[in-house]
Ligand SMILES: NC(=O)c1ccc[n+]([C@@H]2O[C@H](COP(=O)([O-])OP(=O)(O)OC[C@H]3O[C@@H](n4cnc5c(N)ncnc54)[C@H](O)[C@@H]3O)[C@@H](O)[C@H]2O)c1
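In structure tokens, the next block holds one chain alone, the form predicted on its own.
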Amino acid sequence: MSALRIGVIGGGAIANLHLTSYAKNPDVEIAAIADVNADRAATVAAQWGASRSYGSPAELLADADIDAVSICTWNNTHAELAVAAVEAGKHVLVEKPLARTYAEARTVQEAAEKSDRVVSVGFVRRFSTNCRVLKSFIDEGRLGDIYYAKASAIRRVGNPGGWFADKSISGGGPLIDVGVHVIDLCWYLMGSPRAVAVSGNTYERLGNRSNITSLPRWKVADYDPAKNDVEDMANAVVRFENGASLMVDVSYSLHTPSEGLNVSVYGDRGGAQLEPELQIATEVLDTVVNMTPQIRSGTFDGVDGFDTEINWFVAACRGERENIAPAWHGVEVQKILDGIYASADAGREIALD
């Protein structure tokens, strides 16, 4: 089988992570780069040995020699570009979140269902070794029935600014940016149950913390402290049709002594902490036992995660593996995100369709 010819849409930081992993895969040819900044597209194409560069995504999607695309653009273009790519006959890996809203996400699922193309959502943390090991324990029934999970992604000194701080582009703040990762991890490990209700809160109390100089944080190139209309903190309880529940809290800004990411799931035979380091708790001979799997990395490894995600996507496009992050997964996670925002606006628990 010939190499899969890849086009990457977007020339920023996330695109670089995709390209780094594609370059390691012997079954891939990096064929083209597209970016709304044509000069940047040409620079990135030259860096990665792509023979073509385009100043618009439409030009790349019209290229009949492209088999598959990675969409590495701002959130407001994810759904539109994913649909256009599928309709152009391309396999698609679209960065998380799938869209800004549930309605947008549904358009991608509908396009995918009408096509034989692979459409995968960039839930990269699913692909890291720690998550894959824990998922194997759960799938073998070692933790029993998973009925409760906790997800937390706490930052404390402000948002990155730029499009991250512009709701019309991003769709929201930390909930849709970093919260999507931990919510997806819990939902995936719980067996992807249907969410039926959510009670959520969002807060805009601390803003972008532009006054903070004592601690460093990453800021985008066009950071402007005067522009910010996204939440700085959110929390929620999500209920599922099987009776399971998920508690989540996320922030860009919070007065807390430390920040970090925590993901835990609990079953009737055992529980596990996935982040900050994989540990499993269970009972053996009427004794409580903590187990630490001996693996390459007990926490999320970005290189490992992106390499595995890209390799998995390429294999799925070639018909060699099942797509484990299909479009409908992105839609269900987006429904939870939308539900949290809607519940916060309503000031009460709401039912989900």
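Numbers follow the displayed sequence, beginning with 1. As the structure is a computational prediction, the values presented were derived from the model and not from experiment.
Absent from the display: the form predicted in complex with this ligand. The rest refers to it.
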Looking at 261 to 269, 116 to 124, 203 to 211, 85 to 93, which lies within 4.5 angstroms of this ligand in the predicted complex, counting heavy atoms? 116 to 124
F164, heavy atom within 4.5 angstroms of this ligand in the predicted complex: yes
Can any non-hydrogen atom of A342 be found within 4.5 angstroms of this ligand in the predicted complex? no
Hey, in the predicted complex, is H181 touching this ligand, heavy atoms inside 4.5 Å? yes
May I ask you to state whether Y148 is within 4.5 Å of this ligand in the predicted complex, using heavy atom distances? no
The listed residue (Q273, S253, N228, T73) that reaches within 4.5 Å of this ligand in the predicted complex by any heavy atom is T73
Checked 286 to 318 against this ligand in the predicted complex; residues with a heavy atom within 4.5 Å, sequence order, are F306
